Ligand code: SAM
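Quick heads-up: it's one chain on its own, the form predicted alone, in structure tokens.
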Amino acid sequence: MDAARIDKTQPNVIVPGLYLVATPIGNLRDITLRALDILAGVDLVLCEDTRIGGKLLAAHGLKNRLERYDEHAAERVRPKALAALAAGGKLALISDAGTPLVSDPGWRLVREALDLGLAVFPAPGPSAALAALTVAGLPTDRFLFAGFPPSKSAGRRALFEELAPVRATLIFYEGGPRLRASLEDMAAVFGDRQGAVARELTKLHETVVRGSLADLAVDPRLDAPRGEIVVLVGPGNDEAASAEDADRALMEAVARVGPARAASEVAKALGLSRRDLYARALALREADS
């Protein structure tokens, strides 16, 4: 059913379809009235963890049938969920916290439901990425959500180098045990950009630490954090470097340290691709020989 066909004069009527319901990221009162209506009115709530989903429902006086839908159960549960939707069922999908599908399972369920012509409705609400962006003190006119970086340093640095030319505030999720190493790799690749680390958002011990990436990497306030954390990296130079700027910087750096290190230095300074700069450095050196 097209969302436009829902009768807005009867907001509590839940029509058949799949509802993607955003849930609180910390404070349980950060839930919309519509989300409560949906969770009370659907036939089944799919959730990452039935214990966490059950606590949310109980906190708001709701009872409903829950079924686990995480990366391990998705392949088994998805056909049953699609069959229920095809039969006119009403299902909700929630994550443990925040907006479903944002670094959480569910996109294949949505895609297959849409392929079958089934109704899918968003029920917007909390998002850790957007909440952190609003309080980071970094530019918000353009941003890129990059999810969780790889667990190993080499993979992280490769991802960060790929994202270095992007003229936008970058948003990452990271786990507490890897936070320090991730910040060190960010400082090494992105250079002296401004950043922010947000944790425990909307909870009693909400903390947002702001500063340069190098300072954040050694900040004692970020020692041994727990849970999932949002890390934001500000954009590089406001003005995009011209090809002439890059060539001048490369020629000066190549004369000192050689093409590979020169490419890394200029990539950090100008926010350009290290791979492209390395190829350009080799071409410049060959042309000068």
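As the structure is a computational prediction, the values presented were derived from the model and not from experiment. Start at 1 and count along the sequence shown; that's the residue number.
We do not show the form predicted in complex with this ligand, though everything after this point is about it.
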{"property": "Single option in L39, L232, I229, A263 placed near this ligand in the predicted bound form, where near means a heavy atom within 4.5 Å", "result": "I229"}
{"property": "Residue (of K203, R167, K152, R111) lying close to this ligand in the predicted bound form, criterion heavy atoms within 4.5 Å", "result": "K203"}
{"property": "Partner contact for D185 in the predicted bound form: this ligand, 4.5 angstroms, heavy atom", "result": "no"}
{"property": "In the predicted bound form, Y173 touching this ligand (heavy atom, 4.5 Å)", "result": "yes"}
{"property": "4.5 angstroms heavy atom contact with this ligand in the predicted bound form for G195", "result": "no"}
{"property": "Partner proximity in the predicted bound form: T140 to this ligand, non-hydrogen atom cutoff 4.5 Å", "result": "no"}
{"property": "Partner-proximal stretch of 154 to 162, 177 to 185, 76 to 84, 94 to 102 relative to this ligand in the predicted bound form, 4.5 angstroms, heavy atom", "result": "94 to 102"}
{"property": "In the predicted bound form: members of 125 to 149 within 4.5 Å of this ligand, any heavy atom", "result": "P126, S127, A128, A129, F148"}
